[in-house]
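Take a look at this single chain, the form predicted on its own, given in C-alpha cells.
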Amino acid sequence: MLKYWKEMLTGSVPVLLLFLWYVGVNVVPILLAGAVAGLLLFAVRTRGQLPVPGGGKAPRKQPAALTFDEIGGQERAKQELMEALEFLIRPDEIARFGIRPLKGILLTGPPGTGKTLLAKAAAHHTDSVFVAASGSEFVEMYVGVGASRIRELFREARQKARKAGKNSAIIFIDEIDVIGGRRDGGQHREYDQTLNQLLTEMDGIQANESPRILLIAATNRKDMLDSALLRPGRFDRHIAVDLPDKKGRRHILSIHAAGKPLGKTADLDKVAEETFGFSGAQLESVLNEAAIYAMREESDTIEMHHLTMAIDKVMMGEKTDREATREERERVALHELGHAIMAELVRPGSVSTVALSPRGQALGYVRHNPQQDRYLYTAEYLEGQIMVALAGAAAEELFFGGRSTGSRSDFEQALGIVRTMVESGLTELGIVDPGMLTPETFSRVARDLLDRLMEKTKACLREHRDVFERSLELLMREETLSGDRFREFLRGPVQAGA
C-alpha cells in the first residue's frame, strides 16, 4: 500500500505544481523546500550504505553463508541441484562436451520444505552472488512497473557480481506463480508485461557472458505456471522438494537440536516417528517450542514431555482457556475415546495420546503415532481410516443417543477419503473420470459407503463398551491419557489395575 501512495504522489505532484504556476502562484519556494526535504530523506535512507556504480538502488543485503550440509531431509533434491550447478563450477569441462548451460531451475513443493535454503546453499556451493526477491514485489497497479523491476533485478545481479569479483550470480524468485501464472488472454496487462520481461531476460542469458546468471525460482503451485516458463531453454530443471520421510525428519531434528540442552529422556527418533507429514519448518518449530516449555518450567534440559507438548502445539495450536460444562467434557471424552479405540483396533499401537484439553478449535484430540511412513493405500486401509474418523460420532450415539457438532471435521475428513477412493477406482464405480462424476453419483456412493462403515464402527465399539467405562473417569480427571496407559485399559481390567 505504501508503494501505491508513493507512485500516486510521483505522478500527481508535478501536475499540481504546473497548475499552481499556471494560476500565478510562485512555485520556486515550494521547489526549494521539496529539494531540501528530498536531500535530507536521501541522506537518512542511505546512511551507512555505499552507492551502486552506475546509479540504482542500494544493494540487497547478502545472506549469511549456508551450505548443503546444513539442510536436512532433502538428500535427493540436494543431489539433483548440485548436479545442475556443475556448469557454474566446471565451465571448461561443460564447454568441452558442448553442453548448453542451464538458465533456470524450478524448485516445487509444499511450504516450509527448504526451497529458499536450497537456493542460498546453491549460491555458496558455486561461489556466486545471491540476489533474492518475491513474486509479489513485481506486481503493481501501474503498467510497466513490474517489468522495470525485473530488468533492475537482473541488472543488480550483474553489477553485484562484478563488484564482488565473482564469475556468476544466482537470482532467486520466491512465489514465482504470482507473476508466472498462465496467460488467459484477459486484460491483466501488468501481469503479462512482467512475465514477458522475465521471459525476455531469460532468453538474454548467454552461455559466454560474464558474469553468468542462473535463475532459481520456487513455487507451491507448479500447475499454475505458464507453459512458456516451463519449456526447456528457460526452466531446464524441475526439482521436487517434498516433505521429508522419517530418516529425513531425524536428520532435520538433529541439525536444529545443535546448541540445545537435550535431556536424557529426549528421544529424537520417537519425535521423528510422531511427526509424519511435518515440514522442515514445522520440525524446527517443534524444537523451538520445546525449548520455550523447558524455559517456562525453569528446567535445565529439554525433556521428552517438552517435545511431546511442542508437537501438540505445532499440530493443534496452543491450549485455550475455554471452560466447558461437565456434560460437554464427558461427551468430548467419550468422542475421543471412540477415535482411540477404533484406531487401536484398526492399527494396534498407533495411539500416542488421548487428550481432553482444548487446543486451537478442538475441545479434545487423539494424536496418532504412525509406525511407518506410507505412500500407497489399499481400499481396506482407507476404510479403516474412515472408521477411525466416524468412531467419535458413533461413540456419542452409543452413549447419548445422538451426535453433536463436534463431528463436523471428522465427517469432512471421511468424505475426503471417500473422494480419494473414488478417484483411485477403489469403490463400486470402478475406474471413472473424476471430471465426469456428477455430484449426485458421488453423494450416493459416499452415503452408501459411510452408512455401511458407520454400522460396522458402532458394532465394534459396542463390543468394547467396558473400555469406555474404565478409562472415562481417569481421562476426565487427568485430561491426558498416554497411549501405553490406554492400551492397558484396552487389554482388560486386570492389566489396567496392575
Ligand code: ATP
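What you see is a predicted model; the values in this text were computed from it and never measured. One-based numbering along the sequence shown.
The protein also exists as the form predicted together with adenosine-5'-triphosphate (ATP); that form is not presented, and the subsequent description refers to it.
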Legend entry - Contact flag, G392 vs adenosine-5'-triphosphate (ATP) in the predicted bound form, heavy atom cut 4.5 Å: no
Inset, instruction - Answer for I71 alone: is it within 4.5 Å of adenosine-5'-triphosphate (ATP) in the predicted bound form, judged on heavy atom distances? - result: yes
Legend entry - 4.5 Å heavy atom contact, K313 to adenosine-5'-triphosphate (ATP) in the predicted bound form: no
Inset, instruction - Considering only heavy atoms, tell me if A281 and adenosine-5'-triphosphate (ATP) come within 4.5 Å of each other in the predicted bound form. - result: yes
Inset, instruction - Choose from 103 to 111, 149 to 157, 407 to 415, 305 to 313 the stretch whose residues reach within 4.5 Å of adenosine-5'-triphosphate (ATP) in the predicted bound form, heavy atoms counted. - result: 103 to 111
Inset, instruction - Could you work out which of H125, R331, K166, K115 is the residue within 4.5 angstroms of adenosine-5'-triphosphate (ATP) in the predicted bound form, going by heavy atoms? - result: K115
Legend entry - I341, V129, I252, I179 - the one with a heavy atom within 4.5 Å of adenosine-5'-triphosphate (ATP) in the predicted bound form: I252
